[in-house]
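Just one chain is shown here, as structure tokens, and it is the form predicted on its own.
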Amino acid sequence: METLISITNLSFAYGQRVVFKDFSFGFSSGQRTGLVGSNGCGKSTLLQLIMGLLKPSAGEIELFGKPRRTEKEFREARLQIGFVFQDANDQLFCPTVGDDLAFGPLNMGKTMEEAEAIVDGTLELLNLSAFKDRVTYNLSDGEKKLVALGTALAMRPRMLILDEPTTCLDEEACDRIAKVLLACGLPYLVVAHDRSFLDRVVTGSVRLKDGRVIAEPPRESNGRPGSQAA
């Protein structure tokens, strides 16, 4: 398997509060990994460090086999990672669903025709084909989460990173997101507190505690192992 994320001896603090010290972590293609831990343990901070939105005080971050230190280097890597924010409203800012999905491909240099084809294919995967001209602002929370996931998929990334994709969603909305993740064919790293959701969509989980990652034993949900997502 190809190593997609490699973090070595990373340190980071908010002022005097140390979050990571000599922290190491790896993630490879073919993995669908859940990242769990108590509130405030550093899960979202880790995702922001991986995306280059925060800068460590020490250590090395490699993405797709290349060290990433400068904004330019992280920007190149971000084009290959579909990032889904915890709050969908932070990710959706265009008038309609179709506009939101087309924004990324157009900014990557796709033609209007190419972007339209990507939008249509993504909406089909999301089972939202009828939503292309819907006003994003008027969608339900679950529909917004699906569209936010769609904006990440529309970038044709090599992997996904998702920060609490099921927060405040009902069972039906969680089920729809799980089905999209299982169907997308991409490796992903997902932060979530909903263990039943994680058991369905990941191949394994790690716990973040005291600035370290600890592998968790396999769990089963509804008689099916979490490895069904492979």
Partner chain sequence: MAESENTASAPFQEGAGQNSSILARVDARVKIVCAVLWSLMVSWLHGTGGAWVALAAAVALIALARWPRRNLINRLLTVNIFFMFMWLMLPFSFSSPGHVVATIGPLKVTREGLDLATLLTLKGNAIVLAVLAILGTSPLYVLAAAGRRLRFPEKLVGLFLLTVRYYQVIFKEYQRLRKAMRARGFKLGLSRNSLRGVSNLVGSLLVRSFDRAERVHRAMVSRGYMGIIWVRAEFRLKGIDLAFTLVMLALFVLVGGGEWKR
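Every value quoted in this text rests on a predicted model; they were computed, and no experiment measured them. Positions refer to the first chain, counted from 1.
Form predicted together with the partner chain: not shown, discussed below.
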query	finding
Check all three, Cys94, Thr151 and Met155, heavy atom within 4.5 Å of the partner chain in the model of the complex	yes
Partner proximity in the model of the complex: Leu126 to the partner chain, non-hydrogen atom cutoff 4.5 Å	no
Non-hydrogen atom contact Leu53 with the partner chain in the model of the complex at 4.5 angstroms	yes
Contact of Ala130 with the partner chain in the model of the complex (heavy atom, 4.5 Å)	no
Arg75: touches the partner chain in the model of the complex, heavy atom cutoff 4.5 angstroms	yes
Neighbours of the partner chain in the model of the complex among 86 to 108 [non-hydrogen atom within 4.5 angstroms]	Asp87, Asn89, Asp90, Gln91, Leu92, Phe93, Cys94, Pro95, Thr96, Gly98, Asp99, Asp100, Ala102, Phe103, Gly104, Leu106, Asn107
